[in-house]
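Shown here is one chain on its own, the form predicted alone, set out as structure tokens.
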Amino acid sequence: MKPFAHTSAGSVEEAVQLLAKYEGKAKLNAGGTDLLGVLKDRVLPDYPEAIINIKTIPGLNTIEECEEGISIGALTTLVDIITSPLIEKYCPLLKEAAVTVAFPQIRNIATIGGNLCQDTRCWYYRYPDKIGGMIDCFRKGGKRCPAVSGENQYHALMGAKQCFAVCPSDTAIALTALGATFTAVGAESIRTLPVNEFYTPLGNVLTPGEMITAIYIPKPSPVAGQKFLKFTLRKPIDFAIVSVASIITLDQGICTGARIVLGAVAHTPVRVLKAEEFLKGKELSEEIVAEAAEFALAKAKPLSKNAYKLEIAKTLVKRAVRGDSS
């Protein structure tokens, strides 16, 4: 790694002041499960001048029940989410997503804030500098996305134009289905936004001087069924080829509410509103569920090597809506 300054922040205020001081040339470090690899492989077009350790900030690793929801500090580890009675009671969907992330050693140190903020896993973007130099992809200021005419097996099916990398966060898919919001704090600002508005085609909405401090989840209906399903090649450790999160509410066998979110098909979690609307007021027969799955993928535009993801996504949607465990 190249040399950099290292500072441990004692508070959110100190952390964002340091970010402002370095004017976009500093990176925050919590669990470090993504950042350290990025630094070692020199993935970033501009190497950071400073790393700000935020593990030393107290009070950001709690899971608390509020009057109408659950508040999760950004430094809460994935293993704490998995073992939390509150998450198990109100948001089992989030637990199901968190337990699919990597392996136990990673989940013991990775934070939910870091899982949301992790950089894209596109192999063109992450091509190690030490092997043959950076690949000049669109995300790094280049003029094209090499995946469009190259190896695009794991790339976007929806909404991509200039960059075809997909959102790698499993928890983001679950949090979007749960209607979660996040709080971002800057040196002179505090704002709250829905998780489904966090990602942009080339990154996320955080300014260089902001950090996520908390995530808020409104309590879902106690009678709603929650499900997170994820398809990978190597089940214990891989990023999703496709994932689906769903919250389905039934009243005497009739669907009265549905939230369905697709993962690993776009740069952001994709909520499929037409499929949700189609299900409402209907009994969830095999035919109805299959038709909803078709609605969910109706806007997909596969690349040359990733059309197989379509059928996987449709299958996961059907299983998630029915509440199947796999």
Partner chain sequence: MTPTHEIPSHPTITFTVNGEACSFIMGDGSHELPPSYTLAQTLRERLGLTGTKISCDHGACGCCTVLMDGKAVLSCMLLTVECEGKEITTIEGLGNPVTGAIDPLQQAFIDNTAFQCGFCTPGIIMSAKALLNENPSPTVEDVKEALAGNFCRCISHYHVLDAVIATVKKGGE
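Residue numbers count along the first chain shown, from 1. Note that the structure is a prediction, hence the values are computed from the model and not measured.
Just so you know, the form predicted in complex with the partner chain exists too; it's not on screen, but the next bit is about it.
Residue (of Val79, Ala224, Leu202, Val205) lying close to the partner chain in the model of the complex, criterion heavy atoms within 4.5 Å: Of the candidates Val79, Ala224, Leu202, Val205, Val79 is the one lying within 4.5 Å of the partner chain in the model of the complex.
Select from the listed residues Ile63, Ile51, Ala266, Leu279 the one whose heavy atoms reach within 4.5 Å of the partner chain in the model of the complex. In short, Ile51.
Of 35-43, 291-299, 64-72, 257-265, which is the one stretch near the partner chain in the model of the complex, taking non-hydrogen atoms within 4.5 angstroms as near? It is the stretch 35-43.
May I ask whether Phe4, Lys21 and Gln105 each come within 4.5 Å of the partner chain in the model of the complex, counting any non-hydrogen atom? All three within 4.5 Å in the model of the complex.
Taking heavy atoms only, is Ile190 within 4.5 angstroms of the partner chain in the model of the complex? Result no; Ile190 lies far from the partner chain in the model of the complex.
Indicate whether the partner chain has at least one heavy atom within 4.5 Å of a heavy atom of Leu86 in the model of the complex. Leu86: no, not in contact with the partner chain in the model of the complex.
Would you classify Ile109 as touching the partner chain in the model of the complex, given a 4.5 Å non-hydrogen atom cut-off? Looking in the model of the complex, residue contacts with the partner chain include Ile109, since a heavy atom lies within 4.5 Å.
Even though the partner isn't displayed, in the model of the complex is Lys55 close enough to the partner chain, meaning a heavy atom within 4.5 Å? Yes.
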